[in-house]
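Two forms of the same protein chain are encoded below as structure tokens; each is given separately, as structure 1 and structure 2.
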Structure 1
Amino acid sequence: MRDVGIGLIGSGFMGKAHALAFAAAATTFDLPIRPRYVVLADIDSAMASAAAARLGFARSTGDWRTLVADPAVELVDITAPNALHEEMALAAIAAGKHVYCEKPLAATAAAAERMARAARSAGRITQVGFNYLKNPIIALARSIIAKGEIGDVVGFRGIHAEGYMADPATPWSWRHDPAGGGGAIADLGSHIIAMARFLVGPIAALTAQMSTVVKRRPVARGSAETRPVAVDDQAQLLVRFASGATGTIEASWIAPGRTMQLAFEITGTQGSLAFTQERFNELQLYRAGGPAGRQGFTTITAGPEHDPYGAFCPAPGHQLGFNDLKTIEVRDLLLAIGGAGAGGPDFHEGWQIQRVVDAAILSARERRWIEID
């Protein structure tokens, strides 16, 4: 077994989630590679120091460049705001590091492309944090499709809706700035686009509409001063996949009451699948051709047959949680670094997802279909 030195940038919620995931991956799985917690960077060096102590990192720094330059760091893990992803990742790649980056990969497809190309040129392992793809029940869905159990996929109906921006009193933030690459379509839409690509393949064309429902937001909670919101609150897309399948994709962050409606229905010629992240240990499967009067959707509950559920629990139905998906993501990354797996989604995939986001924004502006080669 060999160690891989981790340099973690960011000590907020996602930084903590990553640190926990590295520890959990090492304990949960029997891996050929072991994380070593080398250095933690945060713009606030006091916070960096405190977080390093709590999360078990050997050193801390207030300057991420120090972290990137650290020879003991083999993997740079970026949980900083989106706008910083490109600079950090390019520097890390240039320093010969592998890079793990939270989603969305970048504010624009152009930036994502630069990151993907740099990583490929340098031969570095990369991974983007689309952790919902790591769900064993999603792996099952993909396997069901790949084995032809529902025939050919002809339809996809996907959405990611939450309600965290529904309240107009929620203040303006960097998420409302188009420099960040889009609103709901980037923040949530990227998840359902990633899911669509993972399950049905590349999107060849789309047309979209977007709307900004809360047109101005206070600069701070309770403030009378407001700033305009220049990104979408809701986005709706018609999509055509390269396979010929057609469908819809939607994103909303103003859906009251929705907390995790990352959901899809897939129509095949011989069956159907339905899923929602609200109950992400379950998959609904319908297969044509069963006995008359006994047909219907079957609720499959995640269990040890659905790898790698069994590493977490030997009994079915006990349920994985959000952080367990992150743990699987980290396992895949460590396996890829150890040469024992494909990892992914990597920067190339992150770029392709961002291309769909960018095309949707363009389509909505120009009110026309956009082809994506």
Structure 2
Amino acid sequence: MRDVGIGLIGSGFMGKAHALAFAAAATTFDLPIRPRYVVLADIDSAMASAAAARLGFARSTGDWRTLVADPAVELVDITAPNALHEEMALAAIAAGKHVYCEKPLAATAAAAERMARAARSAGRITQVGFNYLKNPIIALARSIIAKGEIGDVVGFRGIHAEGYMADPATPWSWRHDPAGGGGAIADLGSHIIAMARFLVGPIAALTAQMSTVVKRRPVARGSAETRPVAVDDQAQLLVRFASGATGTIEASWIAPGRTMQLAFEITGTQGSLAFTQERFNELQLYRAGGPAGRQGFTTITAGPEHDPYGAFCPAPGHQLGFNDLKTIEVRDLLLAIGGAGAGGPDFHEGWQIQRVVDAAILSARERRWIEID
């Protein structure tokens, strides 16, 4: 078994989640390669040094370029703010590295396309951090659809709503900087768009409306000085899939009381599926044709029959968690690097998702339907 040297850029919420996932994947699954924590980069040397010691990286640096150039690093893992993804990823690809990047892949579809094309030209393995697609229950939903168990899909209703920006006193941050792309539509909308594509297929056309509810935010917690907000707080899309199915997609980061409402309902000609990330070890399945008075949704609970749940727990109903989905995501990436799997979603899929985000922003600005060819 050979090692693959990991270089992690960023040690915040997602950086820590990635580091934990590499460690867990190495012990949860039988992998052809073993991750080795080589170097961690952060905003300055002090922060990087502290994070490297905490997460188990051998070295640290305050300059991500040093990490990219390190010959011991084979995989560059990017968890920096969105606006930095393109420069970092292109530099890593040019240096011959594989790249793992948190979502959304880039600030614009044009940037995401440059990243995808560079990776393809260089023959590098890439992956984008849409870990909710790695849920065994979502794999089950996709299988149910593919096997025709609910007939032909005709409708999709999807939403990703959270409340972490609901308080107007929450300070302005890089998430509110339009240089990083959209607001809620990019940060949360990209997840439900990814889910829609994964389950129903490509989105062919859409029309969207967006609104900025909190017009200004303090520059720091408790500060009287404010900055204008130039990105969306919430978005609503009408979509038409290439398959002919139609639907709606919503995104909001100002939904009080919601912590993880990534949810969908899929309507077929012979049944329906319903899911919410707030109970993400459960899938609701309805099949038409039952006896009168006995019809309704059946709750399917995740268990060892839904691979790779069994690698974590031999007992059904004991539930996986957020970090377990990241672990599955990292497993797929390492298998791909080791030549034993396809991995993904890769940079090409990240680009396709960003095309939908960009189309929604354009539609809302110009108040018209946008075809996504």
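Since we're looking at a predicted model, the values are computed, not measured. Quick note, the numbers are simply positions in structure 1, starting from 1. The term rigid core refers to the most C-alpha atoms you can superpose between the two forms while keeping them within 1.5 Å. Only residues modelled in both forms are compared.
Matching the description of the form predicted together with another copy of the chain is structure 1; structure 2 comes from elsewhere. Shifted segments between the two structures, defined as at least 3 consecutive common residues whose CA atoms all move 2 Å or more after rigid-core fitting, occur once only, at 289 to 295.
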